[in-house]
Ligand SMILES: NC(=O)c1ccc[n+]([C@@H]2O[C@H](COP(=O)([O-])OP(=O)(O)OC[C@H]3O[C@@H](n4cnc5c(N)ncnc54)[C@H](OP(=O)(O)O)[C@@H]3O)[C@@H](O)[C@H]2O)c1
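Listed next as structure tokens is one chain, alone, in the form predicted on its own.
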């Protein structure tokens, strides 16, 4: 375990939703390396979540696993309460859990839009309010760099991430000064489930840096915001500059 200046989150407890896999896993492990104890949330990936918790404990930190279906607001509320009972407190909330279904506007069903909004936007709000009521801390939401453009193949997801962007700024105002609220917007980082790195290679010229990032890049941005005591209401794009294409002036 790192010590001294190498442990910027020493004494802090973090709840990472969707912490069992992909970006959530990378964030959970990086914050543990920075000295935090971590509550790893999952829905159905209990085996993977326990494996992440084991890696965190191997770093000399404490770890817990909590399961909840974030489509249900009551379960989201209960998740925070369970996390606090298990760990004693929650100082930092990272809203990483999300669903990413395909679907275009012409076929968009109300139920599908509602499901995306519940998981990708309402659950972070419910958890954020719970953190604010508990006394304060820090929230980092994971967005998507394509929210500044238009993802026509994932319309319900796209709309939910745009809502979470607005909620990030609203929570930053409403919960200040006791809570800081920021976000990270990843771009070309991981291929979708079922695809390989060839997906990233094919699309890497879509951003100014003509490359793709890694989960570690996203985790470092989350760590920066978790540490930044005078930063709130901000979004860090980890996307090789993709969000500026066609939007140089905003």
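Quantities reported herein were computed from a predicted structural model and do not represent experimental measurements. Residue numbers count along the first chain shown, from 1.
Note that the form predicted in complex with the named molecule isn't included here; everything after this is about it.
> Any idea which of 44-52, 221-229, 29-37, 202-210 reaches within 4.5 Å of the named molecule in the predicted complex, heavy atoms considered?
Going through the listed ranges, the match is 44-52.
> Looking at 138, 98, 76, 155, which has any heavy atom no more than 4.5 Å from the named molecule in the predicted complex?
Exactly one residue meets the criterion: 98.
> Wondering, does residue 149 line up within 4.5 Å of the named molecule in the predicted complex on heavy atoms?
Although the named molecule is absent here, residue 149 would stay clear of it in the predicted complex, with no heavy atoms inside 4.5 Å.
> Residue 143 near the named molecule in the predicted complex, any heavy atom under 4.5 Å?
Taking the distances in the predicted complex, the answer for residue 143 is yes, it comes within 4.5 Å of the named molecule.
> Consider residue 190 of the chain shown here, and say whether it contacts the named molecule in the predicted complex, taking contact as heavy atoms within 4.5 Å.
Although the named molecule is absent here, residue 190 would touch it in the predicted complex, with heavy atoms inside 4.5 Å.
> With heavy atoms only and a cut-off of 4.5 Å, decide whether residue 23 touches the named molecule in the predicted complex.
So residue 23 counts as contacting the named molecule.
> Need the contact residues for 61-91: heavy atom within 4.5 Å of the named molecule in the predicted complex, sequence order, or none if there are none.
68, 69, 70, 71, in sequence order.
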